[in-house]
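Only one chain comes next, encoded as structure tokens, the form predicted alone.
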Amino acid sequence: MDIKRRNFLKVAGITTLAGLGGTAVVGRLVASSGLAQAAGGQGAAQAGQANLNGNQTNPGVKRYGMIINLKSFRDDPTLGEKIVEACHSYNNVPDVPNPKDEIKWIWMTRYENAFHENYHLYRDEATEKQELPVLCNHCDKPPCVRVCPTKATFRNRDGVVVMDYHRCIGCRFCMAACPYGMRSFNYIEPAPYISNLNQNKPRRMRGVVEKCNFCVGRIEVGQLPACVEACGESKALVFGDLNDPDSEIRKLLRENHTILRNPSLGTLPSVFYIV
């Protein structure tokens, strides 16, 4: 994007917000997204199920989601490295060595970092040692979308939260609004840190935010996200249409107890975990 245009958009976006009340506006936007209307985990879970049931009445409307089976990652600890490598390689995610500047779309973390509402001091040994993948939750009510002044981040027709990097002005309101910390900002030019460039995927530039997009380009042509494909037959990750009652992902949801990350926030994530 032309630097002058980027600067103009940045000034225009921030000026608009300032005129409306600055940070107070952002606070009201986040509140209106459902974060300030938390009704407890059970209430949010019921709301999520009601939302799925409601969407099923609209033929042809999709809502893509993912199931992550933590049992598979316990059985095969190498899966974590495989999915991170597949995702970052396909999507041209730069390997920046400085932790302060690193860019991540999917990564492995400890249980207590992912599930604040399910954390307690007396965990079983398997959970204590467990590392599990985290990524954008592609929420049904994403606060990041509500606070973006240029609409650079939005939900597409299939319920995937995606980004238009040419519209991103680097204000980072979306990063502040995301309660899961699933976005990264390009503080430095990322190109030198991409060793094997995937010519079929665009690379980002300095000054924009990026995150997982469920490999939207792949799913639009009938392929699975790169991380899901990397799991092979293990079924550690299962991807599909949550609005299709006959899909594999819905079958697994019926047959297994699953949990969400911080369900009381009311964002209605589309990523479920079998523990």
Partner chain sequence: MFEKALKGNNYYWMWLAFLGFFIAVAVVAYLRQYFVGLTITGMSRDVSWGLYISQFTFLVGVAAGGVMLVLPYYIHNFKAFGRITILGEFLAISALIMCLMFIMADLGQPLRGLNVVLFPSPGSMLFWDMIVLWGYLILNILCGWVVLTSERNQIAPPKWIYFFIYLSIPFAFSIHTVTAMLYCGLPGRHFWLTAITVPRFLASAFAAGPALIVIMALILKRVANFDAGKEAIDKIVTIIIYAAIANVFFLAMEFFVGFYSNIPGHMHTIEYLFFGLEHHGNVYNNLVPFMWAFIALFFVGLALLSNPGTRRGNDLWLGLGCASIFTAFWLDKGLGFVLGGFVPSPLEEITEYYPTLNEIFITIGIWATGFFILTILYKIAIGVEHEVEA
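Residue numbers count along the first chain shown, from 1. Bear in mind that the values here come from a model prediction, so they are computed numbers and not experimental data.
This protein has a second form, the form predicted together with the partner chain, left out of what is shown; the following refers to that one.
Q) in the model of the complex, do 203, 218 and 272 all reach within 4.5 Å of the partner chain through at least one heavy atom apiece? A) Answer is no for this spot.
**Q.** residue 260 within 4.5 Å of the partner chain in the model of the complex, heavy atoms
**A.** Heavy-atom contact with the partner chain at 4.5 Å: absent for residue 260.
Q.
Check residue 76 for me: does it contact the partner chain in the model of the complex (non-hydrogen atoms, 4.5 angstroms)?
A. Residue 76: no, not in contact with the partner chain in the model of the complex.
Q) Can residue 184 be called a contact residue for the partner chain in the model of the complex at 4.5 Å between heavy atoms? A) Result yes; residue 184 sits at the interface with the partner chain in the model of the complex.
Q.
Would you classify residue 176 as touching the partner chain in the model of the complex, given a 4.5 Å non-hydrogen atom cut-off?
A. Yes, residue 176 is a contact residue.
Q.
Counting any non-hydrogen atom inside 4.5 Å, which residue from 94, 159, 149, 80 sits next to the partner chain in the model of the complex?
A. Checking each option against the partner chain in the model of the complex, the one that comes within 4.5 Å is 149.
Q | Option touching the partner chain, based on a heavy atom within 4.5 Å in the model of the complex, out of 226, 70, 208, 238 | A | After the contact test, the surviving option is 208.
**Q.** Residues in 159-174 with any heavy atom within 4.5 Å of the partner chain in the model of the complex
**A.** Residues within 4.5 Å: 165, 166, 167, 168, 169, 170, 171, 172, 173.
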